[in-house]
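A lone chain, given as C-alpha cells: the form predicted on its own.
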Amino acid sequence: MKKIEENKKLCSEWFELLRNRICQEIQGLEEGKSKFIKKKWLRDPNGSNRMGGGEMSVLRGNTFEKAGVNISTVFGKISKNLKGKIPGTEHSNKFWASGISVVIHPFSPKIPAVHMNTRYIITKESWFGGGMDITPTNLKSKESLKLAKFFHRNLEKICEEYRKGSYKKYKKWCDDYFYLPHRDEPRGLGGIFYDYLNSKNWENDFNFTRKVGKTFIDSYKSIVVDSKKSKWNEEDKKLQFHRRSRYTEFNLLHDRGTKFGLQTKGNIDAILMSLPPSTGW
C-alpha cells in the first residue's frame, strides 16, 4: 500500500511539473502578450475534494489560436457502464487516475496541430498509457512530411531505448487508433500510442512515460520554430479548416479519452478542450 501511494504521488507531481514546462515553452513561442489562463475544477459537484479534480490551462493568442494543457487526478467509483470494461474492475468499481492532456491548434496553417497525453491508472491493476500525434494542414506536402519525419525519428529513439521493437508496435497502434473509419482516412501523420503498459518494472515504465512528455515539447518547439515564418494564403487556411473538421469528428465520435472523461463525470470544458477554436465543413 505504501508503494502504491508513493507511485501516485510521483505521477501526479510529474504531470504537474510537465504541465508547467509545456506552458512555459509554448508561451515563450507565442508572438504577443497572451498568457495561459489557469482554472481549477473539482469532480464533486458539492465542491469537496473527495473525488479529486484538475486544472485547465488555456492560451488563446496570435501564434497559437488555442493551446490547452490540462492535468487531473481523479478517484472514486466508476460508473456501472464502465464496470468490467476496464482492466481490474470486474469485481471492484474503485479507481484512481492521474494524467496530462495537451492539444495545440496554431493560427498559421503551416504549423501543425499536435496532441499529447500520458496517464497512470489504478484499479485492481495498474498501468501507464498515452502517446502523441502530429496533424499538419496538408498531409501530402513535402514540408509536412519533413516535419513528420523529424517528429517520428525522435519518437523512435525513446521507444527503442525503452524496448526494442516498441516503436513499430506503438506507431501502428497510433495509426490504427487515430483513424476515421467513417471517412476511411487518417486523422493526421501519426505518432505513437500505447496503453495498459505494465512491464512489472514500474520505474522503467514511468521513466518511459516521462520521456514521452519531454520528447513531445522538445520536438514540437523545434517544429514551431522551423515553420512559424512560412508564408501561407487563403487556400491554406481553407485546408486548415477542413483538417480541423476531421479532427473534431474524431474527438467527438471515436476518442477514448473523451468517452472516459464523460463517463467518469469529468469537467466538460476540460474534456472538450481538444476541439479547435474554429473549423468548417
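The structure presented is a predicted model; accordingly, all values stated were derived computationally and were not measured. Quick note: we count residues from 1 along the sequence shown, nothing fancier.
One more form of this protein should be noted, the form predicted in complex with a further copy of the same chain, which is absent from this view; the next part is about it.
Given a further copy of the same chain in the model of the complex, answer whether the residues 183, 249 and 252 all have a heavy atom inside 4.5 Å of it. Yes, the whole trio is in contact, each within 4.5 Å by some heavy atom.
The chain here is shown without a further copy of the same chain. Which stretch in 24-32, 47-55, 252-260, 212-220 comes within 4.5 angstroms of it in the model of the complex, by heavy atom distance? The contacting stretch here is 252-260.
If we define contact as a non-hydrogen atom of the residue within 4.5 angstroms of the partner, is residue 10 a contact of a further copy of the same chain in the model of the complex? No, no contact at 4.5 Å.
Would residue 237 sit within 4.5 Å of a further copy of the same chain in the model of the complex, counting heavy atoms only? Result no; residue 237 lies far from a further copy of the same chain in the model of the complex.
Flag residue 243 as yes or no: does it have a non-hydrogen atom within 4.5 angstroms of any non-hydrogen atom of a further copy of the same chain in the model of the complex? No, residue 243 sits far enough from a further copy of the same chain in the model of the complex that none of its heavy atoms falls within 4.5 Å.
Does residue 43 make contact with a further copy of the same chain in the model of the complex, using a 4.5 Å heavy atom cut-off? Looking in the model of the complex, residue contacts with a further copy of the same chain do not include residue 43, since no heavy atom lies within 4.5 Å.
Given a 4.5 Å distance limit between heavy atoms, list every residue of 259-278 close to a further copy of the same chain in the model of the complex, or none if there are none. 262, 268, 269, 272, 275, 276, 277, 278 sit within 4.5 Å of the partner.
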